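A lone chain, given as C-alpha cells: the form predicted alone.
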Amino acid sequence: MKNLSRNPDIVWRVEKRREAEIIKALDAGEDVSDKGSVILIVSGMMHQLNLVGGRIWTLCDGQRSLDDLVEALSGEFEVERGELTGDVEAFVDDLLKRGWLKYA
C-alpha cells in the first residue's frame, strides 16, 4: 500500500494548548468534533482540523500507509475498527482530492 504525505506547500501547526483542552474535554465525555487543534494555511486561507483529523494529518509523513494510520489511531481512540477505517479512508480521500495530501 502507498504511503501518504502532506503537500509541502501547506503551512501548518499543531495548537498544543488547544489540543490539551480538547483531550481534557473528550475525557470528560464532551462532544469535541467541531473543535480544532491543527491549523493549515492553504492558498492564503486558514483551515482548522479537529482532533482526529489533526492526528491523521500529522501522521501523513510519507512513511505511513492508510493501514498504518488506522493502526496508530486505533491505539489512541476507542472506536470500532471498521468505523475507524471508514472514517480515515473518507478523510484521506477528501484531502487527496483537495491536493492537501499525496502519495509519497
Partner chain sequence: MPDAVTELFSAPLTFNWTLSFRCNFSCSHCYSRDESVDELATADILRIVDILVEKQVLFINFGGGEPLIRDDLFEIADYAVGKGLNVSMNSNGWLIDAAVAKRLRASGFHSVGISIDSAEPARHDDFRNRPGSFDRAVAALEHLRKAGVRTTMSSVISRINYCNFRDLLDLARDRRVAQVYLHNFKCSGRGFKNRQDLDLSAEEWKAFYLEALQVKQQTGDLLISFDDPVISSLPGYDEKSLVNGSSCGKLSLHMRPNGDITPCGFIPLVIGNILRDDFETLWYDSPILQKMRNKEASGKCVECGAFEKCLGGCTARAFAVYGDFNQPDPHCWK
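Positions refer to the first chain, counted from 1. Everything numeric in this text was worked out from a predicted model, so none of it was measured.
Although not depicted, the form predicted in complex with the partner chain is the subject of the following passage.
A.B. asks: Is there a non-hydrogen atom of Ile39 within 4.5 angstroms of a non-hydrogen atom of the partner chain in the predicted complex?
C.D. replies: Yes, Ile39 sits close enough to the partner chain in the predicted complex that at least one of its heavy atoms falls within 4.5 Å.
A.B. asks: Does any part of Ala20 reach within 4.5 Å of the partner chain in the predicted complex? Heavy atoms only, please.
C.D. replies: Answer no; every heavy atom of Ala20 is more than 4.5 Å from the partner chain in the predicted complex.
A.B. asks: I'd like to check something about Glu15: if you look in the predicted complex, is any of its heavy atoms closer than or equal to 4.5 Å to a heavy atom of the partner chain?
C.D. replies: Because a heavy atom of Glu15 falls inside 4.5 Å of the partner chain in the predicted complex, the answer is yes.
A.B. asks: Spell out, yes or no, whether the shortest heavy atom distance between Ala90 and the partner chain in the predicted complex is within 4.5 Å.
C.D. replies: No, Ala90 sits far enough from the partner chain in the predicted complex that none of its heavy atoms falls within 4.5 Å.
A.B. asks: Since the partner isn't included here, can you check whether the partner chain sits close to all of Val11, Met45 and Gln48 in the predicted complex (heavy atom within 4.5 Å for each)?
C.D. replies: Every residue of the spot touches the partner chain in the predicted complex.
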